[in-house]
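Only one chain comes next, encoded as structure tokens, the form predicted alone.
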């Protein structure tokens, strides 16, 4: 059984034959999200016969980092492109494919001989195992005592009616703040503002006004663009549960921890967890929990390390300008970091010359 019918839960439902996916909400629905699916995530969905290109989701061919007045560096994805995945459409598409049961809230669960009994608003349901993919505020993690409070940065997320641009994820570094932009439709872009909590809380200022103020600095060409929905608040962006697996219960997606979205790997990381879990469950439950915990720790360490490096490089304007300048002469270093971030390559792929470009040892 899967609890949570978002992209990770629905995909897991498609991967595990006979699984039931429960969702307390309904579709279509919206939520704050980076909506940039990296190539590794696209490939996982292709394995369950979900063709995002055929469904009209815009291509993402790479990532760029820019400092206003200080240049930019671009890196192309190798092989398969990513996709801009508007959650209003993606969640409904996957939920329909996985036959997600909506309007069903989980009230509790307990171990029983040979499985888990899940109490829901539609009555008790038995399962051999339960995977909770019900988000950063996971009901299942709370019920089991695994949930821990988050910390870190916050964000403002909105969608604007505007052309998608060059088909890339664009990060604009403003010194202590960043914006994250991605095309999510033919005439719609997502722009997220990422910063410390106090930087996004101004007295006598509405959430939309604060969002517009930063948007005008980072993307003046979008300053007058019409919002296609509300401006969402999001965060904090760092949280990790006490464990992600014990016995016959597992956590995946945001329920298994959340890192700063500056690296844009959230949905992809969750789909990778779903793919690994599907394989472990197919091999049998006896060793699934310890094997998943071990694999998850490796993924978590990599994501945290790349995230810390990205935040450190973006925190100081002078440092950011120097790094962008050196990386513009060695874009392959950025390409290798992006591949590392999405899990398609390891640390060993970064050469000493790559590190010299990434770390600002001296002025360019």
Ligand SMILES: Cc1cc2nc3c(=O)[nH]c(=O)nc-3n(C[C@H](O)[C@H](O)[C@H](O)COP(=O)(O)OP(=O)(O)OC[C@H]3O[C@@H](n4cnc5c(N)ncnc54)[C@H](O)[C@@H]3O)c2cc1C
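Keep in mind that this is a model prediction, so the values were computed, not measured. Numbering follows the first chain given and starts at 1.
Only in words, not in the display: the form predicted together with the ligand, which the text now covers.
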Exactly one of 189, 194, 244, 274 comes within 4.5 Å of the ligand in the predicted bound form through a heavy atom, and that residue is 194
Which of these residues, 297, 29, 319, 308, gets a heavy atom within 4.5 Å of the ligand in the predicted bound form? 29
Within 4.5 Å of the ligand in the predicted bound form, do 84, 164 and 211 each have at least one heavy atom? no
Answer range among 221 to 229, 100 to 108, 286 to 294, 143 to 151 for contact with the ligand, defined in the predicted bound form as heavy atoms within 4.5 Å: 100 to 108
Look up in the predicted bound form whether residue 215 has a non-hydrogen atom within 4.5 angstroms of the ligand, and give yes or no. no
If we define contact as a non-hydrogen atom of the residue within 4.5 angstroms of the partner, is residue 323 a contact of the ligand in the predicted bound form? no
Using a 4.5 Å heavy atom cut-off, state whether residue 278 contacts the ligand in the predicted bound form. no
Using 4.5 Å between non-hydrogen atoms, is residue 139 touching the ligand in the predicted bound form? yes
Quick one: name the residues from 215 to 240 with any non-hydrogen atom within 4.5 angstroms of the ligand in the predicted bound form. 234, 237
